[in-house]
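For reference, the chain that follows is the form predicted alone, supplied as structure tokens.
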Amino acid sequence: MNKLPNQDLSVMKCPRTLEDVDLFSPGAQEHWYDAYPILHAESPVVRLPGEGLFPGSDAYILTKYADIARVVKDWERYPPTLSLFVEQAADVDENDPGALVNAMQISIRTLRPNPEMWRAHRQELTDPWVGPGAVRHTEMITKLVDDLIDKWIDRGEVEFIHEFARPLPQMVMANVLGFPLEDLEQQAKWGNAQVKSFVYGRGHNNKLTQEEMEEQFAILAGFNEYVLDKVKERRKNPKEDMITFLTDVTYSPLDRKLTDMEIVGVVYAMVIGGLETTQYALEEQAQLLCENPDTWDALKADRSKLRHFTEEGMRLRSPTQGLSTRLTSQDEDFQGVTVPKGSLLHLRWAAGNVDPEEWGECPMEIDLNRKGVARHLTFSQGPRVCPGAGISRLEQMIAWQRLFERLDKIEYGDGNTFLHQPGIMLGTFNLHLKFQKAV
């Protein structure tokens, strides 16, 4: 099936020249990968006048791999914007419903305000569950994958997003945290509220209107209450889950146990980071296999290449295309462009992941033999690398191991428009697939 109707349905025309490129207008999602080669060749650093965090300051889009890697690895020279928001929130009353400060921001100011504590936070609080320690969940994830496949394996067709790619990470995270699966529908609503700015926010900094923010925080008040109830339950009746662990662990930088609201903040971060990346990665990997049947055949014949495939898939189709997350602490030079101190940097990870200077002559093609592919920027790099990278990689690997075991072939089904949702995440609204069940 031809995968081009989204180009025709887009409200924005495909860019042909630098003047046509706009990464943030409505419909831009359909043309991001047409724009990146133009930016690499003609304008690898793009100035956005007046769009910085401070009055009179600018924002700059970085699209080259080397520039982005340099920034994310140096916290001191390129401080995270979240640090500023946390400082501003220091005097905010967390019980004030009008404060519009989420639980994660509240917990960051005590649990991980600097690089050293960020590292400790990851090693002591999250790594045992969603980092290297995620391997403990292998059996649980495998069962969930098979349970989802069982629901449609005899039909010959599936709407892959809503029947597999989306519910899988939702159920995995619920099990990790200790949330009952019967609450999954409500948990999904809270998850949608948490990522609202990344889907419906406007511009490079994903801005919501005041009304949209108030609506978002009203919904998330229920999430805070839900998690607080679970924390109280676990303090009385411990179980084998992450929330119980967080109620009992002594956090070494503070030499104390976590408060209830700090636990809510950690859980908030787990939910916001543990759902979207995996969903979009699986969805786009399925599309890559439909578009590259030879790759399906190669993986079917040699399952040892699955790890390479999932990494290459995340490189080629980055779930989060970019974020405005860093500031310059001094005047900088990127690609011959002077970027003044105090400028906001939009790190375009997806563009860096297809930069020909880093990935060679064919960066837009899938290559199961590409060297060092795991150095992609999808999970960032350096001290602020995504803490949930481990569990996301594990989910993707198990998902495709079981899919290749139980399916002989997949292809695009009927009814696909391939239109992407708004925002900064690379995700289509639906994905209809046809398949042949393995004998």
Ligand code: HEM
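Just count from 1 along the sequence shown to find any residue number. Because the structure is a prediction, the values reported are computed rather than measured.
Absent from the display: the form predicted together with this ligand. The rest refers to it.
Visitor: Each of 82, 112 and 386 having a non-hydrogen atom within 4.5 Å of this ligand in the model of the complex: is that the case here?
Guide: Every residue of the candidate spot has a heavy atom within 4.5 Å of this ligand in the model of the complex.
Visitor: Using 4.5 Å between non-hydrogen atoms, is residue 118 touching this ligand in the model of the complex?
Guide: Yes, residue 118 is a contact residue.
Visitor: Just to confirm, residue 62 within 4.5 Å of this ligand in the model of the complex by heavy atoms?
Guide: Close contact is absent here: in the model of the complex, residue 62 is far from this ligand, nothing within 4.5 Å, heavy atoms only.
Visitor: How about residue 359: is it within 4.5 Å of this ligand in the model of the complex, going by heavy atoms?
Guide: Residue 359: no contact with this ligand in the model of the complex.
Visitor: Please tell me whether any heavy atom belonging to residue 295 falls inside 4.5 Å of a heavy atom of this ligand, as the geometry stands in the model of the complex.
Guide: Contact with this ligand, no.
Visitor: Could you tell me which one of 323, 261, 366, 195 places a heavy atom within 4.5 Å of this ligand in the model of the complex?
Guide: Only one listed residue qualifies here, and that residue is 323.
Visitor: Would you kindly say which of 314, 327, 286, 103 lies with a heavy atom within 4.5 Å of this ligand in the model of the complex?
Guide: Only one option qualifies, and that one is 314.
Visitor: Pick from 244-252, 182-190, 273-281, 159-167: which stretch has non-hydrogen atoms within 4.5 Å of this ligand in the model of the complex?
Guide: It is 273-281 that comes within 4.5 Å of the partner.
Visitor: Taking only heavy atoms into account, state which residues of 376-392 are within 4.5 Å of this ligand in the model of the complex, ordered by sequence.
Guide: In sequence order, 378, 379, 380, 384, 386, 387, 388, 391, 392 come within 4.5 Å of the partner.
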